[in-house]
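Only one chain is included here, represented as C-alpha cells and corresponding to the form predicted on its own.
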C-alpha cells in the first residue's frame, strides 16, 4: 500500500513523504521537497556584501543563522580580525534565535502530536480563565460545549496524553510560549536591528553599538525566556516522555552525526565553541573536513554532476529528470549518511566531553527517564536535545552579554579582495549549516549553501542510501496507514524546513 503523507503540516515549507506500507509497517519512505528556488543562481555575479542579506531570505524562521554563516564565510575569505564585541553580538543574536525556535518547535509544531486539546471541553477548573486567548481562538467553557476547530482540529487518529491536568497545563504553556518567543525575538533584534531579517549582521561584526541600555534590555528578556525554559519547557518534555516512553526507541536514523559547533568563544571562529563540532560515527569522534562533504543528485531534480565537493557544486534544474523525486540534494560525508540537528549537537559534544553542562544534563535526564545517551537518536531524544540546547544556550547568553564592552568597536575594517574564497560553518537550530563563497573580479563567482534539512530530508544518494529522515521512518510500526501518527511524530521530531532544503 502506497500512502502520501503530504502536505505535511506544522513544518516550514512544502513537504510530501511518500510511504509504502506492508503488514502495518513502513517499508519505504521518500521525502519530497516540492519546489525549486535557486539562491545560488541569484547570488552569482552579485556584490559579496549582498550575500548575508540575500541568504537570510532563504528562511523566515532561521534567517540569522544564514546571515551568520555568510558572514563567517566572508570573514574567512577576507582574512578579517573580528573585534570581540562583534563576535559577541553575533552570538547574542544567534543564541536568542535558537531559544525562539526551540519553543516554537515544541509548543506550536510538535506538542499537539501528544497533547489532547479536546481535554478543554470538560475543563472548568481554577485556570479556566487563563486559557482564554484573544482573537485567533476563542471558546466558551464546558457549560456551552463549544470549541474552535482551527487550528487544532481535525487531528490525526492515535493515542494522546490521558492526564487531564497535564493536557490543560500544556495548553496553557502553548499560549504562554508565544509571548516568550516574542521576547526572544525582541532580544535578538536589539543587536540585529530587526526580525526576521537582520540589517545589522555583517562580515566582521555588527553595525549596532554596544550600549549599556541594550545589554540590560537584552538580559531582562533572555532572563524571562530562561525561566520559562527551566520551569515549564523542560517539565513538559519530561511529561510527554513519561506518557510515551516507547518513543525513546522509535525514529532512530541509520547513520552518523555531524555538528559544526555553535557560538565561538574567541575571535578565531573555528576554535573553541560553546558546543563543539565534529563527526560522530558509532562511538568514534573525528574533526570535520569540509573537503569530505559531497552532494549527490541521482534522485534530485538536477542535471548537474553528482558527487561534487561543496566548492565545485553547480545548479542545473531538471524538473522532468527520470527517477528523481525531490528538489533536495543528498549531502554525504565521506559517502556516509549523517543526521544533523539538536541530537547531533548534544551527542557530538557529549562524546568529546567538552561542555560539562551538556554531559551533566544528559546523564541526569538519562537517569531520570531510564535511557542511555545513544537513545537520543529517537523522537523523544531530539525533543529532549532541543531542551538541553536551550538550557545551555540561555545560561551562556546571560554570561556572554556581560562580556560586551560598551563603547568599544563592534565591526572590523574590511575591503573585498579581487579573488578569494571562504567557508562559514555554524549551527542553525535545525542543524549544521555551511556557506561557501568564491569571489572573482570583486563579484560572487560561486556560492553554495549546504543546509540542515538538506542533510536530514535528503533523498537516496547515488548508492541508494536513504537520508536520515527516510531511514528513521523505514521500519516504523503504524496503527493507521492512512493517518500514520507515528510517522508524523518522527517527521516533526526533525523539524524539517523545506524552504531551506530546496534553497
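Please read these numbers as outputs of a predicted model, since none were measured by experiment. Positions refer to the first chain, counted from 1.
There is another form of the same protein, the form predicted together with a small molecule; it is not shown, and what comes next is about it.
A.B. asks: Given that the partner is absent here, state which listed stretch (318-326, 255-263, 428-436, 390-398) has heavy atoms within 4.5 Å of the small molecule in the predicted complex.
C.D. replies: It is the stretch 428-436.
A.B. asks: Which residue among 472, 31, 68, 451 has a heavy atom within 4.5 angstroms of the small molecule in the predicted complex?
C.D. replies: Residue within 4.5 Å of the partner: 451.
A.B. asks: Which pick from 43, 62, 468, 26 sits with a heavy atom within 4.5 Å of the small molecule in the predicted complex?
C.D. replies: Selected residue: 62.
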